[in-house]
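Take a look at this single chain in structure tokens; it is the form predicted on its own.
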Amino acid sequence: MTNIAILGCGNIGGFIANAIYRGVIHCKLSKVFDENRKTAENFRKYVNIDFQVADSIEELMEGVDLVVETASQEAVREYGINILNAGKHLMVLSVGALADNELFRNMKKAARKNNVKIYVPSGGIIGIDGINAAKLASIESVEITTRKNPINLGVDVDRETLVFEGPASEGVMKFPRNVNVAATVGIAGIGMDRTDLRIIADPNIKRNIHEIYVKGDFGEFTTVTKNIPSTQNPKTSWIAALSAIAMLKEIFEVVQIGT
């Protein structure tokens, strides 16, 4: 059975640990690590699994096959390349960190050198399979419109307000904890610099809504995802946690369905 480690003991990490405990994912949770030791110790409240709380990133990597990052973009920047150079597969949930082209390029170089993989779940959207397929032909344009309650975006407005319009690469930097979706779409498609992003703060909605429009030689398609925010962290969509679980499940299943 594959041993995995969780880097970052927050909401999504708890979802993943619970899925392992319930047998949804066929692997063993071996270790967890968080910059805050108390947070890592409290992680045991999520599930009744016998795992080790690591004291360092080096200790976290010992004896595991895959590290699941659920911490932050800062954690990806600080630890990502070291994890890959240690010969460990890495799942990245803080996808906005990969907007840093140099970092992403060096991570891919380390992964190739050490024969390991970087996994990026679909997160809070649907349609990544379509983008992956369309890219094999030619994609002309990609547009994303994200609507969130102002509280979730960290802005103070009392009416529907366009708070950002421009390349996804810039939007990810301006709203680093809110638009991982844009980073994922950009990476999967034609790049974040060519992906057009609009972010709308709307006090009249409770769900996170993402509309994606893709056009190219293959034709065109539109997807709309209306997410229920996580009860533990309203900035995170519930489906984003489910997406990570689904990807881990797929990695360890003998049958894989879909592109």
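On a predicted model such as this, the values are computed, not experimentally measured, just so you know. Counting begins at 1, following the sequence as shown.
Not on display, but discussed next: the form predicted together with a small molecule.
Although the partner is absent here, Asp156 sits far enough away that none of its heavy atoms falls within 4.5 Å of the small molecule in the predicted bound form. Not displayed here, the small molecule is approached by Leu93 to within 4.5 Å at the level of heavy atoms in the predicted bound form.
Using a 4.5 Å cutoff between non-hydrogen atoms, Asn11 counts as a contact of the small molecule in the predicted bound form. Remark: Glu78 counts among the residues lining the small molecule in the predicted bound form, judged by a heavy atom distance of 4.5 Å or less.
Think of it this way: in the predicted bound form, the small molecule has a heavy atom of just one of Val172, Val181, Ala188, Leu98 within 4.5 Å, and the residue is Val181. Stretch 120 to 128 is the answer when you ask which of 120 to 128, 82 to 90, 105 to 113, 136 to 144 has residues with heavy atoms within 4.5 Å of the small molecule in the predicted bound form.
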